[in-house]
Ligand code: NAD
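Here's a solo chain for you in structure tokens, the form predicted alone.
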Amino acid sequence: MKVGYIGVGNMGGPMCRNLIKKSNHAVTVFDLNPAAVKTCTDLGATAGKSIADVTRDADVVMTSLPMPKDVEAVTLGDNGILANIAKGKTYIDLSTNAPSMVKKIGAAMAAKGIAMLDAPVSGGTVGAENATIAIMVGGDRKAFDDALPVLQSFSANVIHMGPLGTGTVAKLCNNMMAFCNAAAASEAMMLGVTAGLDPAKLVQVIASSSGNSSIFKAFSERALSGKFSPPSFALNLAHKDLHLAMELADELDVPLPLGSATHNLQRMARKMGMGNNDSSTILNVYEKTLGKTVKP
């Protein structure tokens, strides 16, 4: 199978490299960063000269891009994927997109006879490197079944959620929970430290008690070290994901009081210049406000 892969950055890069290493598919990649492309071509991929070049002969085209506007431009823009992909082929978006944008792109693809799957991923850069990420997929069941071997080459957990768009909704729900969890961890750690507790001992208690979670584990490592850069998942991207969840809640008239509070906390952190730090940097808002750190 010929696979076109557009966007080989922090998440797309390791996913694409696992696709190259763990399958016999012919992979052609495109990215604006030549160094990112080279990490894939060193493993056997071919470097595409443009979106059109990657798309034209591909059986499956994948994108892993930062923002919904980026996905829209690459798919529907001049000489983009839609203009070059052949009828009967498949387009898979691995980005965290807006449900409304997924449906817009899906309708345009369907009109040309192209199957689309929205397939956002979760598990961070470590999961992408280790091929342990979860992929939540929305779209036609036959298109999913046909694409499953490709997706399984870089994921141990591929779940078909339902019709097009349901994968994206699942991702936004998951991420909202993760970000709210990190906000609660920030408050708990600052409360304990302000009351005079040893932060390392407090982490030990929570890690072995009902407050523990995978998010807390990663958060506590950042908190105790005081190192929020380089990011595993940047705050700017986390803010974008939660913003998309809030927009969906507005469309559906679903109240999200915890999500709203966490979104505002993220906004405060970004206004304080922390946007390029790890998403756990929301702790720094409390630290700066209270004039003390969790780091011992």
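All residue numbers are counted from 1 along the displayed sequence. In this text, all values refer to a predicted model and were calculated from it rather than measured experimentally.
Note that the form predicted in complex with the ligand isn't included here; everything after this is about it.
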{"query": "Which of 39-47, 57-65, 254-262, 267-275 lines the interface with the ligand in the predicted complex (heavy atom within 4.5 Å)", "finding": "57-65"}
{"query": "The ligand contact in the predicted complex: residue 229, any heavy atom under 4.5 Å", "finding": "no"}
{"query": "Partner contact for residue 11 in the predicted complex: the ligand, 4.5 angstroms, heavy atom", "finding": "yes"}
{"query": "Proximity of residue 124 to the ligand in the predicted complex, heavy atoms at 4.5 Å", "finding": "yes"}
{"query": "Residue contact check: residue 241 to the ligand in the predicted complex, 4.5 Å heavy atom", "finding": "yes"}
{"query": "The ligand in the predicted complex reached by all of 92, 139 and 166, non-hydrogen atom within 4.5 Å", "finding": "no"}
{"query": "Those residues of 155-182 which, in the predicted complex, come within 4.5 Å of the ligand by heavy atom", "finding": "171"}
